[in-house]
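For reference, the chain that follows is the form predicted alone, supplied as structure tokens.
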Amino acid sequence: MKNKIKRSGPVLFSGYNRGEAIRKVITMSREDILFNIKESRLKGRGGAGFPTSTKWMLVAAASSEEKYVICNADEGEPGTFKDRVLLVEYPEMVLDGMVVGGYTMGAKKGIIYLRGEYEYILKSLQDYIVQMRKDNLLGKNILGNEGFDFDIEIFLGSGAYVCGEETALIESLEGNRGEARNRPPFPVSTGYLGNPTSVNNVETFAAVSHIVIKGGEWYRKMGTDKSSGSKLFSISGDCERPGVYELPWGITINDVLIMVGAKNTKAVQVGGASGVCLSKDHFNRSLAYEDVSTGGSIIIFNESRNMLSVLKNFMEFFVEESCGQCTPCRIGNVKLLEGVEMLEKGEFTFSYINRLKDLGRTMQLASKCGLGQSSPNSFISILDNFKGEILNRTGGKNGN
């Protein structure tokens, strides 16, 4: 990668005093807060990488009596568990970041959309919110500032992967089936209950708390020119030291493999099931928005793994999790899974597999939401990067 990595100490895993960011913002103008976030070049940490300052500015500028700040804690991507760590061990950074968002955008209500499988976290978060209210860090006239009203409630999801997409999440909050909305309009103008809404990832709010304290310029000194700051990575699979790591954007996949004690690595799945699967030829690539972007999942496979079995597992997941609303995703994922099963049996033609890859590329363009747009990634990347291994094992018929 051409951009030089700018290294520094930890950000999210560094010291943070509860309520510190809230106490700081009440001494600042909303314009200064937005400028700091813009200067930091912080992008959404859920995977989409949309500039946080742009989203907040649009909601702040919206003319509405009701605005909402939503924390997307629907961490459903396979191989991702960083948000869980933040919510369990560092809730002060996340919730303080939400309060900062409420103050900056003029919202009085915040909602944490918590993944259904994380129900065991619910009680501790509720207790923490109660304590924040007692300490006047939530509720009416926060820290004695007249008119600074903001409160947070928690909504427990039902385990639907598609609700990680922000408009499907909003539909779920409103009591409807979790399905993506047509866009435009976008949530920043017409979101929860038809009001301007900012939906941000757990990690994004945690980063905001630090940016408020230390400034956007400080944050931009880490990472690369196009990918500022640090990133939390959920690293799992065939390695000696799995876990959640905070690393600067721009680090290479090879560096990560050495750090976690991965040996005889055959493949690395970057971005979870919806990400891309890279072979050894790509291990010198960088984890950054401008190279290999990811919401945080890194799954490592060693030489003992059957990549066709890995692919089948991913495609079965997407067939199960598709909401069925749009045809490219509903039918396309089934067809891709059928292609994997044909490969398993050796009952395929090369031309048909190529047509399925073309179908996958069509799904990436024509699907309504991120699920269908990203579900073909594994199919295409595994067949491209591990073609020799798969075809040597499965054979295949000649002809069209």
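Everything numeric in this text was worked out from a predicted model, so none of it was measured. Numbering starts at 1 and follows the sequence shown.
Only in words, not in the display: the form predicted together with a small molecule, which the text now covers.
task: Spot the stretch among 337 to 345, 352 to 360, 31 to 39, 48 to 56 with residues whose non-hydrogen atoms come within 4.5 Å of the small molecule in the predicted bound form.
output: Result of the contact check: 48 to 56.
Contact label in the predicted bound form: residue 288 to the small molecule, heavy atom within 4.5 Å: Taking the distances in the predicted bound form, the answer for residue 288 is no, it never comes within 4.5 Å of the small molecule.
task: Answer for residue 164 alone: is it within 4.5 Å of the small molecule in the predicted bound form, judged on heavy atom distances?
output: It does: once the small molecule is placed as it appears in the predicted bound form, residue 164 has a heavy atom within 4.5 Å of it.
query: Does at least one non-hydrogen atom of residue 79 fall within 4.5 angstroms of the small molecule in the predicted bound form?
result: Heavy-atom contact with the small molecule at 4.5 Å: absent for residue 79.
- request: Report yes if any heavy atom of residue 74 sits within 4.5 Å of a heavy atom of the small molecule in the predicted bound form; otherwise report no.
  value: Looking in the predicted bound form, residue contacts with the small molecule include residue 74, since a heavy atom lies within 4.5 Å.
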